[in-house]
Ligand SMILES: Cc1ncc(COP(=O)(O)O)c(C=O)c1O
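Only one chain is included here, represented as structure tokens and corresponding to the form predicted alone.
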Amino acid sequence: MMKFMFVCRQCRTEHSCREQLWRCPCGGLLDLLAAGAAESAEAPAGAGLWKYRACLPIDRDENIVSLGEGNTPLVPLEQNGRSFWVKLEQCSPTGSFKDRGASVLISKAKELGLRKVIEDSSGNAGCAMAAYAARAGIECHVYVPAATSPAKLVQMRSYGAHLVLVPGTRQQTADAALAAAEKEYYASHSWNPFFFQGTKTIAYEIREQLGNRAPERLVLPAGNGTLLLGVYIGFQELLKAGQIRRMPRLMAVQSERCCPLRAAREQDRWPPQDCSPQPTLAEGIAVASPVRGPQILEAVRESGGEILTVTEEEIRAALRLLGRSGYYVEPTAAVAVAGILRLETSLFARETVVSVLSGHGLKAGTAIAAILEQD
């Protein structure tokens, strides 16, 4: 059974994770420091991510808040001469991989006795947090950009969430939520370290589904880093436990219209200069200044990975290819496949490459309809 402790990335102070903290009193980001080996617990099929109960930071089973998340399929796919695997996270209860993080974070909020949480989101994280908070009987306030997809707003409202529509950019929405979080518990998918404990289970499942081994390469969309950092944490734990031989190379994919990670890598500085975001089809990763940006860059570098950017037309093309293969996903989910199509075809003959379809197309019908009208 793993034991967990908060550790601040800024001042290195340790805190008990039984405290109602989402950041260090010094203002720094918190990580969860785990002691003990990762376990690949045996459990019946369909048990979802809570089959890894021994590796998750919840003390008592009665506090677990679940909607059946996890245990998503990993299926082979071939596109343009490239054979790879995709994990179907769009099959999650609210339609995105963020259900994993919400399940663990809201379970901890329940364990801490919280009655209200706030979150900010461009859509998927807000939907997930609203659903799991509803399941737990916790009041949920979600700050969203005023231009958020109507389908996602309806979904959040259906769970009873209180929506705060913020005019302006995604960053302005985050700033508004951060100000409100001075007085409330911030169930943030980027600040709050419990969220990453849910998304790390994707790594555990991929290992099992590939026959107890890690892929050579993981190609993932990257905005706030909740998917990439979670997978990195999971594979780090598996490596430490001796359950895999090496860390997969992490390939972070961003839209050319909003690519602060690529700009920072090229300039060797954070935050990067002259990185002005523009509107992009990949709205789910349109984050101009991810709060864990340096941590994302560190994970990519330490894994021997890369940061790729793709054009709007490449995103459209990948979305069309996925649709013709039977997968209806939102444009953000197509970003990683667009990145895969940029890799050399010969690489796939010697490496196992895995990606994640992060969100369902039903959340972005208007945007997808516009793309299809161009065919």
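In case it trips you up, residue 1 is the first one in the sequence shown, and so on. Predicted model only: the values in this text are computed from it and were never measured.
Keep in mind that the form predicted in complex with the ligand is not shown, yet the notes after this line are about it.
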### Summary
Exactly one of 218, 285, 187, 127 comes within 4.5 Å of the ligand in the model of the complex through a heavy atom, and that residue is 285
### Of 106, 131, 142, 227, the one that lies within 4.5 Å of the ligand in the model of the complex (heavy atoms)
227
### Message
Only one of 175-183, 97-105, 262-270, 155-163 has heavy atoms within 4.5 Å of the ligand in the model of the complex; I'd like to know which.
### Response
97-105
### Query
Is there a heavy atom of residue 223 no more than 4.5 Å from a heavy atom of the ligand in the model of the complex?
yes
### Task
Would you check, heavy atoms only and a 4.5 Å threshold, whether residue 69 touches the ligand in the model of the complex?
no
